[in-house]
Every structure is written in structure tokens, then in C-alpha cells.
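Single chain ahead, written as C-alpha cells, the form predicted alone.
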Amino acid sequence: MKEKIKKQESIFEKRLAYHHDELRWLYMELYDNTSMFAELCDNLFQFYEERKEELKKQDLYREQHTGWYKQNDMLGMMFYIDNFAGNMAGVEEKLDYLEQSNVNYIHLMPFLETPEGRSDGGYAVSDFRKVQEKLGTMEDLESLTAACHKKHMNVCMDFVMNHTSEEHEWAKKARQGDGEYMSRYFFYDNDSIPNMYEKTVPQVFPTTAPGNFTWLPDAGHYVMTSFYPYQWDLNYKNPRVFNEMMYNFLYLANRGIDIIRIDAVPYIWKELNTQCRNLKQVHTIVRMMRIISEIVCPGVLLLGEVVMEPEKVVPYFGTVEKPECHMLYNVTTMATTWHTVATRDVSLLKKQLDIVNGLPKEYVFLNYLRCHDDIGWGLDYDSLQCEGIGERSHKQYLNNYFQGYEGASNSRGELYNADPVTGDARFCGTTASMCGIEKAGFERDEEAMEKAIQLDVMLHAYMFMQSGIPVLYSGDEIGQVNDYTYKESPNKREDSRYIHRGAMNWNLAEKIKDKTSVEGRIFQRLNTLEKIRKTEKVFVCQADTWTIDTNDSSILCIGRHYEGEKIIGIFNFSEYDKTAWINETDGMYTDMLSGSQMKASGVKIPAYRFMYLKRNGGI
């Protein structure tokens, strides 16, 4: 027993010694507080000691196999626990279904305690160490993560760093005038400094939550609230805030979480006379988080939520020598994908993919078609402007198109946070509804339904070809459409994002083996693609990936190459049959879906269809 304890201490001490000097230097640069740094280090050891043996074994394996998450078998699915299966025990009962869906990475949407009706979908946390009562307990979480690990599934959760709920114990004490806790937020007894911030800081929700401060009449102070009035921004200039949030981070990691999604990471450092976005201190904090995780729980990955254009996203990977996040969301490509659906023009998407493909292979993006959030039209408007397309008019067109009003659209959905002054708005809808499955089903039009299913599957096939890890939103695997019942709930009716957050329809999921049903047609086709991806090594994250000219504005072509093998994906974003005028002269190819042999030149692609062509004999 003593030898085992010594070995464990030796592992920790070795990791700490390797990282200590850099961690101390970064910490002192921000805080210049030796006693708080000493406290942090002491607590790191405590959390390491508390970590379960099976998690420590997993850490050691992942330390030795650092590319474990970059393989071609990674497929994610995100869902709200209550919508998916009622509670955590229910999710555990549905692991066989997830396994059947080829999923080995589940993202549990926010499940920590939040006030009813003032939760922002779970992102207003009132207790970082308590699960929402309706969803279960921390013991249920540990049971779920352990069950997932037995099936070689990874579990992701949201860690909301930027703010707490106004119902958090810190906020309650701050509201009562306790100076120690007021210093953990941004409190001001008059509007002088808040007004200075407002001059340079953009508003996140200008229509539903204007401004960046909220007046508290009972406390006689303003408090910074970048998102909603009930979400109070934390002051990371206070080392106590950083330390305590790191302890929360490690506590949650020790419950068996594999991937920590850092919510709203660009916002976490505030500075007067700046936009309070992407400041250098944010990168210092994220780098320290990475170091802390590598000391205590190196098997845990950091996923950064950075909803910005590529040049602002990429710095959150850090550098090869000093990495920050392991993974980031490919947000701009997601929005550009739907722009491509609406315009039938792949040129902007091709340019976007070329940017991502040109980045170092160490950078891993999570690719997705839809998520829990709205779609903001953060496109490359400088490029569009060169083609005579204006930003405001194009955003209007996209929102009209996906509501089904313009451009021969079959989409259905609703706007979110529409601003009548600027004309800006975001869009909400499920993948299936945006592809026309809802409309075709309502009209009982079988021909339209098959085209809608083709578009839906083609978009997933294209997503699987991108560089990185694909993630599905729960229900997309069976083509679940918009859920308008959110309008009946007083806590949801003002937030149209709930239209695509509907409960999983398990009656429809029972049809996945029926190839005549919509659910079965989508599930079985996606299943075929997922199995191709898992068996073909060219789908690893490290593969070379590039786009190929097709001489047709509505056809996208992507090539992948790894260790002598090559696959070409061709995707028709048009409702018309087309020919991809590519000219790959390196021999014969096999259509991986039909098995037919062909040359990769002048390839005919039916409307909304795609092809995976594999080069015969390798390269």
C-alpha cells in the first residue's frame, strides 16, 4: 500500500515539476500573489489524490497516446438530458441506442443547478457542485460516466466560467454588501465606470438584454451582466475567483468527465477601454487551465466555445510548445454551409474550407450542422462584397430563405433575437426542418420528401469529410423536425431556440430499422457513412485534406489522403442533376456506396446527392 501511495505521489510530483515554473510565472504575471499560488498547488495534489484509480489509469494511457481523440472512430452527439431520456439514469439506459448510432462521445448539455425560469438554458449556474434535482445527483453522474467508459464512450459537459447565476452563494452574499464577495464580480455604486465600459463593449443580446450592466435597487449598485441580467460576470482579476473556479473544474473532472467545454471563453477577462473580448489575459487563463489539467487529470480535454471568425478562433489552440484548447468549434464553416444551401453556390464554403485545411494538423475542430444554439450569420462579408452581395441584404435573404419565404425554399424555422433597427437576426430550426423534411411531411409529398432526405444525408456526408470530429445533435439521426410546443411553456415561449430543442421522440426512433420510414431511411444511410468513416484511415484528423475545383458553382469536391490512401467526396448543393468537371488522372476509383468502378473525371451527380470515391490500389 505504501509503495502504491509513493508511486502515485511520484507521478503527481513529476507532472508538477515539469509544469511548475511556467504555471508559477503565468500566475504571478496575473496576480503577483505567492500565498494564493501555494494554496492552488496544495489543492491540485488533493484533487489528484481524490481521483479514482480507473480515471488515473485512463490518464496514464492518454498521456502515452496523445492522439487518442484524433482517430477516425470519433463521432459525437449532443443533447439535453431531460429531452433525451428524462434524467441521467435514463441516459444510462439509452447507451445501447447511442452505441447503435456509432456514437462514442456524448455532450451532456448544461445539467448543473440553475434557477427555474432564469437559467438561459442551463448557463446560469447557481451551484457548480450540484446536479439539477430533476436530472439526478452527482452520484448518478459518476454512474453514467463509468458506464460510458465501459463502452469506450467519452463524456463532455459545459463549464460556465464567465458568470454565475444571481442565485449563486457568492452572488447572494455580494448582494447583501459583503465586500469579499462583491470583489468576485464587477460592482459599482454609480454609472460612471459602467458608462465607460459601454462605450467600447459590444452588446451580446441588444434586443432581449440590452447593455452590459444591471442596476440592483436593493443593493444600490450596478453589476456587470454581459449576457442576461441574472448572469453576473465573474472578476478574474481576483485570484480567489480563479482558484475557486479551478477547484470546481477539477471537482467535475473527477466525476469522470472526459471533455470540458469552456463556455464563452473569449469574454472571461474584462478591461476598460477595450471590447472585453479575446484579451491576452484570457489566453493566460486558458493556458493555466491546460497546465492544471495536465498535472491533475491529463486524460481530460479542453473544448473552447469561441463563436468568432477563424483568425480570432485559431489563437485559442495556443502553440505547439504552449497549447491551450485541445479542440474548438468550427462555427464559421457551419454558418457558411447553410449559406451554401440557400445560395447553391459553394465558392465561399470552398474558401472557408481552404483556410481550415491550411492550418496545422495539431488543430482539431468539432464540425456540426446544428447545435442547441441559434445560427448567427457570421460570414466572410468582405468576400461576398466583392461579388456585389451586401451584408444586411444577404442576412435578410438567408433568414427569409430558411423561414420558407424566398429562394424556392423548403425550409421551416423561426428567427431569434430579431433587431428591427439593424435588420439583424439569428435563425432557429432543426437540420431536418431546414432541409425540407417538415414541409414534405406536412404536405405528404413523397417526391419532395426523398429530395429533402437526400439533402439531409448529403450534408452529413460532407460534414464527415471535413477535417476534424463530426458531432450530431440528438434527433438528427432520425430526421426529427421542429417542435413548436415550446410556445405553450411560460419559461420557454420567449426563446425560439427551443424550437430545435424538442424532446427525443422514442416512438419515431423505433422505426430506425424500417427502411421505408423517414427515420429508417435517414438512420440507415447515416449508419453506412459512419461505418465507412470508422473503417477508412483517411478520416483521421491528421490526414491531408483539400478542396478540388469542379467548374460548377454548386458542386463541392473534397479530397483526403493518408498513408497512401485517397478518397474524394463530391457534393451537389443544387436541386438539379449536375456534372462535376474534375480531372483526377491518377487511375481508377471505386464508388464506396455502389461499388462501381470509374474514373474521377466528368462525374455525374444527381440533385442533392454525393459520392465517396476511393482511389484503387492506393498512391
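Each residue number is its position in the shown sequence, starting from 1. The model shown is predicted, which means the values in this text are computed figures rather than measured ones.
In what follows, reference is made to the form predicted together with a small molecule, a form of this protein that is not presented.
Enquirer: Thinking of the small molecule in the predicted bound form, which stretch from 279-287, 493-501, 250-258, 470-478 has heavy atoms inside 4.5 Å of it?
Expert: Single hit among the candidates: 493-501.
Enquirer: Identify, from the list F227, W377, Y181, F128, the residue with a heavy atom within 4.5 Å of the small molecule in the predicted bound form.
Expert: Filtering the options by heavy-atom distance leaves F227.
Enquirer: Just one of E167, D120, D140, D345 has a heavy atom within 4.5 Å of the small molecule in the predicted bound form. Which one?
Expert: None of the other options qualify; the answer is D120.
Enquirer: Under a 4.5 Å heavy atom criterion, is E244 part of the interface with the small molecule in the predicted bound form?
Expert: E244 lies outside the contact set for the small molecule.
Enquirer: Would S433 sit within 4.5 Å of the small molecule in the predicted bound form, counting heavy atoms only?
Expert: Result no; S433 lies far from the small molecule in the predicted bound form.
Enquirer: Can you tell me if E305 lies within 4.5 angstroms of the small molecule in the predicted bound form, counting non-hydrogen atoms only?
Expert: Although the small molecule is absent here, E305 would touch it in the predicted bound form, with heavy atoms inside 4.5 Å.
Enquirer: Residue-level question: is Y97 within 4.5 Å of the small molecule in the predicted bound form, judged on heavy atoms?
Expert: Although the small molecule is absent here, Y97 would stay clear of it in the predicted bound form, with no heavy atoms inside 4.5 Å.
Enquirer: So in the predicted bound form, are V364, F464 and D544 all sitting within 4.5 Å of the small molecule, heavy atoms only?
Expert: The answer is no: none of the three residues contacts the partner (heavy atom, 4.5 Å cut-off).
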